[in-house]
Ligand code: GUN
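This document opens with one chain alone, in structure tokens, the form predicted on its own.
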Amino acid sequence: MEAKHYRARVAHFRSGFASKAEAFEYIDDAVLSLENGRVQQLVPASEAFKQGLNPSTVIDKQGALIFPGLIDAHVHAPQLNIIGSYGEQLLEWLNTYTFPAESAFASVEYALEKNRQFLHSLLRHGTTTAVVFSTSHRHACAQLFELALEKKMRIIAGKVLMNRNAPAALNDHETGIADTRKLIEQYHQRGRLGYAVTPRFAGTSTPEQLQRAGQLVDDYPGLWVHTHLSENKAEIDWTLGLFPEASDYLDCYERYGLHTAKSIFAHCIHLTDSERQRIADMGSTVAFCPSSNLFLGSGLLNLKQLQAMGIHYAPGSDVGAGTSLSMFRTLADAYKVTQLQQHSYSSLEALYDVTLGAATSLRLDQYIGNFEKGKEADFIVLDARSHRCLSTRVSHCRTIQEELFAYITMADDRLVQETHTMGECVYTQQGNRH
């Protein structure tokens, strides 16, 4: 693959700095050079030309801002159709909307169409890496992985494990573990893919299924675990009633070997002090899902408390209870959640958390998250001129930090002009699909 050179404004966060503000680097006229899908260098344009770069070989994006690809730490591939569905809290939401939507994925043709739509929608919103729930259908998860390979996306995903307290059409009974094992062997660490053992949540798996899921984690080193934890108070009470031997909700996973350094627990709003400490000690990750937490009335995650304890976290859109695949929209809700708790979430803090911060929490920072030499070249081209209201606001910003905050509070997919994975353009706003 030939070298590519992009000239634009460029912003990212460098590794190894004590604070997110110190890590932030912004160059108002830069050249980002790529080769074989990886970053070669990021330098001011004047320096690149002094090094002998031929200006005629440069891809001119001046005026736009190049930023690392965004990372979504928790999202449901089969739930695009139920975004914005009215009037339920978590357990009712699952029965009324989620389970019927996922049951439709029994059709191979339907599942393929919806998986393709889902990945294209991620790219349209600037998301190049995501941690994804599929359905309990093996073919749907396999399709998701195959489509991600085509787009060179970095996707961590898993077939949902669920063998009780759900519709019969979605229960995987004895096939669940065997199907999971086959998917692991076929897709884990293939290309840019990673496999996550994915119990929906403790209450939809029998203890036997959770035990066998934990055995998979032992059998295949390097797997992630992805599930839900302490999202809703009624959910917690219900779960503890199903596991009377457990000391708390987290223990429902711990006793079966499903709490590891690569476990991703979505929500975690109502943790006990003990649960928070054990998550901190293990080094596992909380997926912070402000949009869905607000939409379902689940509660407000205390982000400041997680930060104080050194708990790894990363924002997730949690579509379909989340109301947009845009990580900018997700961060807008995160800002409001923190404001309600007298803690302001700055633009640098927020955008670090969906790039290098998320990559670090997910154990992917050796590959993605910024523009250090050798990193995989996932990036987005942002241009506020395609969003009239945002463009007006940006024209009055005095600093790049103010501009980025305007993105967080006002942007959506109109801001994203292009999305690139491994140095290849896989989405343009003009509707071209590469």
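These figures come from a predicted structure and were not determined experimentally. Position 1 is the first residue in the sequence shown; the rest follow in order.
Just so it is clear, the following notes concern the form predicted together with the ligand, a form of the same protein that is not shown.
Interface residue among Phe328, Trp93, Phe295, Phe105, judged by heavy atoms within 4.5 Å of the ligand in the model of the complex: Trp93.
Checking Tyr256, Tyr352, Phe201, Phe145 against the ligand in the model of the complex, a heavy atom within 4.5 Å turns up for just one residue: Phe201. Taken together, the three residues Leu122, Lys152 and His420 lack any non-hydrogen atom within 4.5 angstroms of the ligand in the model of the complex. Remark: His267 counts among the residues lining the ligand in the model of the complex, judged by a heavy atom distance of 4.5 Å or less.
Proximity of Thr180 to the ligand in the model of the complex: non-hydrogen atoms within 4.5 Å are absent; the residue sits far from the partner. The closest non-hydrogen atom of Gln79 lies within 4.5 Å of the ligand in the model of the complex. For Glu231, a non-hydrogen atom is located within 4.5 Å of the ligand in the model of the complex, even though that partner is not displayed. Stretch-level contact analysis of 223-231, 185-193, 270-278, 166-174 against the ligand in the model of the complex, using heavy atoms and a 4.5 Å limit, identifies 223-231. Looking at 10-40, no residue comes within 4.5 Å of the ligand in the model of the complex, counting any heavy atom.
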